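One chain comes next, on its own, written out as structure tokens in the form predicted alone.
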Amino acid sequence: MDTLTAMRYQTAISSVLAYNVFLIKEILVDNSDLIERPFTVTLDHELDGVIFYIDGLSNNQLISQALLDPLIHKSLEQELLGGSRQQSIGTIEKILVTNPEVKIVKTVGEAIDNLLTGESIVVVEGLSKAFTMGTKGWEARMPSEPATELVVRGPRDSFTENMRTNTSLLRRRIKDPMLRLKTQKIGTRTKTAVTIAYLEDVANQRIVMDVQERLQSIKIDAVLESGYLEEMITDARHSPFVTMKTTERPDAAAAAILEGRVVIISDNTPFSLIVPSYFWDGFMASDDYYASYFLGTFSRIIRLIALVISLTLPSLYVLLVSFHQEMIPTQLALSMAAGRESVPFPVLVEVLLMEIAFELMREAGLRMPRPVGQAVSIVGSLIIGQAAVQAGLVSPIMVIIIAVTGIASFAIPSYATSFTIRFLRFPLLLASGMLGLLGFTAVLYVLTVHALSLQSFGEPYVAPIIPFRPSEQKDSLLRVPWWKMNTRPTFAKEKTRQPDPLDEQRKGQKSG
């Protein structure tokens, strides 16, 4: 903002009503949604005032019932019969202050900041302070089924774009007085509310302080989505790996808080951030914990296989066909050679063309309207694949390779993790096509070393596998029964989640 506006912003509320109105209207000049509603209260003396609010952000009915009715329609003549003007002003202040939704502000800037969040401003002649009242009333989406984290069994509600709705969804699940919700404003222009949620007696205070310090250090003009925050505070700014878990499920956020993690909730977005986060978190789904632990473990093993297939299958095919044909069984090698007989491109170019075509169809299906997008992705895959084979541009085995790779990438629950694997597939593919097994091994080695070097808010990114933590293997690649998951991750302050049933049984036998 310019210097003059900044000076007006810091000006104290005056006892002269006209001056306050002038400052507010000058700062918010030419805004058609700024509503100015003058009123007059007749006690022993007539007192003028003005209510400001933003049309569309405030609830008009609430303003009338909670502000205007007490000020105008409540008869106070008997209380102040023969009173002075100062007594009348004092009574007005008393009426406003006793309202539980009202806060007192002393500067024009504070008043306008509250006004732009949907609250109403009340300024009265003779009072050198303004009153803001919580009259937020904009249209908000109700919690609905998550769009990106579908489950077979489990809750069907999700976070919304409304901050208070999201915090209430957490409160409904964690009815613990130690649950802390701390909010701050980030963005010099958007002033976006960002809340961190954690359990005071469970979360590691080092991690909590680290999160708060990183958020406070953000200097940016706007925060429109939690992705802004993720990119600003992540440990690995130049890494393809995602070191912060994203979720729109309140049950997943609540489970993370109960483990001792910190959840970052940003206003205007249904996606919250969970820290610290491990690499393996991207392969865990909420319904792993709602079904039998046998099914949960089996599902995780399938997803791990899907990770390996999605990352390496095209590269393995390229290096075997291009450099190491002796490793392919004879019958399979002859079948593959017959399929590639009419293909005019080297196998690396063939794979790249098919991978790019698949990514184009995936992106088109994602961006187009939902009813059309599914048809485009399915029909496009069938038609283009069949036509490419008949035209001799690609071999039939190549269509199978790309299809299996794509299906495997869809089996990964986290979209961010799936996107990382899809991205890393290309450098691995290029290295395999140019250097064979040597290039494949070298790129995998570099990626592994890079992942081992990463941290997420002080925690090793690939823990609890490396470094190996026996106590955390109960809920990593495998899932043990709930009665066995009696400890939290090592970064939590309170390690014990629940008593071990075997210990309880031994204590009972000794006491007996």
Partner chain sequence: MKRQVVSWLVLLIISLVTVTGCTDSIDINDLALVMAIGVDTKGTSHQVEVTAQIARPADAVGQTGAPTGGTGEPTWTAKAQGRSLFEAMRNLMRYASRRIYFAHNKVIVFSEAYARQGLADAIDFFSRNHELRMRTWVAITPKKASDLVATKTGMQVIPADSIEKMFRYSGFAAKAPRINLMQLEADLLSPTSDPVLPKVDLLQNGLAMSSTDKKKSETQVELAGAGIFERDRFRGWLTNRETQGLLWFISPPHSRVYVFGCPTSDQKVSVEIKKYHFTLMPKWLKNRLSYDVSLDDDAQLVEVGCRYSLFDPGNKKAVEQQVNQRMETEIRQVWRRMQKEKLDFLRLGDHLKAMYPWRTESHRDDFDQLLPSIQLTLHIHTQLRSAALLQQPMTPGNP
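Numbering follows the first chain given and starts at 1. As the structure is a computational prediction, the values presented were derived from the model and not from experiment.
The same protein also exists as the form predicted in complex with its partner chain; that form is not shown, yet it is the one meant from here on.
The partner is absent here; in the model of the complex, the one residue of 188, 342, 107, 183 having a heavy atom within 4.5 Å of its partner chain is 342. The partner is absent here; in the model of the complex, the one residue of 338, 368, 313, 305 having a heavy atom within 4.5 Å of its partner chain is 338. Heavy atoms within 4.5 Å of its partner chain in the model of the complex are found in exactly one of 326-334, 205-213, 233-241, 148-156, that being 326-334.
Contact between residue 322 and its partner chain in the model of the complex is found at the 4.5 Å heavy atom cutoff. Interface residue remark: residue 137 is not counted as part of the site for its partner chain in the model of the complex, having no heavy atom within 4.5 Å. Contact check for residue 90: every heavy atom lies farther than 4.5 Å from its partner chain in the model of the complex. Within this chain, residue 270 is remote from the site of its partner chain in the model of the complex, having no heavy atom within 4.5 Å. Shown here without its partner, the chain carries 196, 253 and 282, none of which come within 4.5 Å of its partner chain in the model of the complex through any heavy atom.
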